[in-house]
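Below sits a lone chain in structure tokens, taken as the form predicted alone.
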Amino acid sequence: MIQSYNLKVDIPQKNAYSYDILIGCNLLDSVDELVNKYSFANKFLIVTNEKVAGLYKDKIAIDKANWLVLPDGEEYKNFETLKLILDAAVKNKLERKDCIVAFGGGVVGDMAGFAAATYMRGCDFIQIPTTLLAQVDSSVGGKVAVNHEDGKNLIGAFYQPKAVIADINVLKTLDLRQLKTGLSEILKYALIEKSCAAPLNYRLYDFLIQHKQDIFDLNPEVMSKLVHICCALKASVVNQDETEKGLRAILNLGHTYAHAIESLTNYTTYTHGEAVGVGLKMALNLALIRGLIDKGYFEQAINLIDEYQIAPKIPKLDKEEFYNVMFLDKKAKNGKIRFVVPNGMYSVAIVSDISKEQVMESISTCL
């Protein structure tokens, strides 16, 4: 029997506010029972996208629920789509005690969560992530947002869900590209594990080396453990720093570069994970340039990224424009870009004294 996991995000700054992350197979079979366990809502608004609705709308039964089906894609993570969610909440007369359910990937989760954070100044919110990326990363921790035309996730909030319900079975519907998109975030966790200060040593880096074929085969036991490890690492960080005053910024390894790539290509050319994969390589380049890691670890990490094929070749982007776009990153402070960079095996540091020349050199080999 495949093991199920139940983790808790437990935030002491919020008077011990906590919520469950459920990980296992066949959880959708009891989804009505689960959402009613975690929210005492009279009404549910299920927000999903066209692809997920086509797969599950006729198979998922949640009492007292209405559905809103959105177009699929990062390019729709904007104010116009956010208004559709808020309009549906008003039309269905949701009250503050009612619940918005995000049933989809990271885009759906971020937008539905932001709608829940702002509708009547906050209603209940449950995450049911359907992509690997959402299960291991975006559904956990309460970051919710929409994109601005000048930058990714510039308009958002910290708003924690009532629960996260991750059914491993839904990963079977992912194509290879979407699987690799999630794997980029997983490799990120492998590179930051020591800095997460988790209570256990999960040895994620070694796990990825040992179970590569099992992961591409979507072995349910391996995938359940993989999602559990990543959620446990993220929960450890969020428990210590919910609103990214310090430690939580390490979760953005590679993302300063990635968000620039996404912005410069109008969110239509690369998935978020593909951009992160390239960003991880650039961050490793920067760490090597700064002398924070040795050549051996650099080559080992780059080889693992290449083995999982998560960093696509990208066309030449204007390096000057690339550099300028990075100043819109949310980690920028006092006019300086703050970078998360590896500073040893499976650990990272946040640095801001990076010269323009070093940034340019770090991106050059990937453009």
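One rule holds for the numbers: they count along the sequence shown, beginning at 1. Under this definition, the rigid core comprises the largest set of C-alpha atoms superposing within 1.5 Å between the forms. Only a predicted model underlies this, so the values are computations on that prediction, with no experimental measurement involved.
This protein has a second form, the form predicted together with ligand NAD, left out of what is shown; the following refers to that one.
For ligand NAD in the predicted bound form, the listed stretch (115-123, 207-215, 84-92, 178-186) containing residues with heavy atoms inside 4.5 Å is 178-186. For the three residues Asn49, Leu55 and Val107, a heavy atom within 4.5 Å of ligand NAD turns up in the predicted bound form in every case. In the predicted bound form, at least one heavy atom of Glu74 sits within 4.5 Å of ligand NAD. None of the heavy atoms of Lys225 is located within 4.5 Å of ligand NAD in the predicted bound form. Although the partner is absent here, Leu154 lies well away from ligand NAD in the predicted bound form, with no heavy atom inside 4.5 Å. Met282 falls outside the set of residues with a heavy atom inside 4.5 Å of ligand NAD in the predicted bound form. Checked against ligand NAD in the predicted bound form, the candidates Ser263, Ser138, Ser195, Gln160 yield a single residue with a heavy atom inside 4.5 Å, and that residue is Ser138. Note on the partner interface in the predicted bound form: the residue among Thr173, Asn239, Asn78, Thr269 having a heavy atom within 4.5 angstroms of ligand NAD is Thr173.
For Glu185, a C-alpha deviation below 2 angstroms is recorded between the shown form and the other one after rigid-core alignment.
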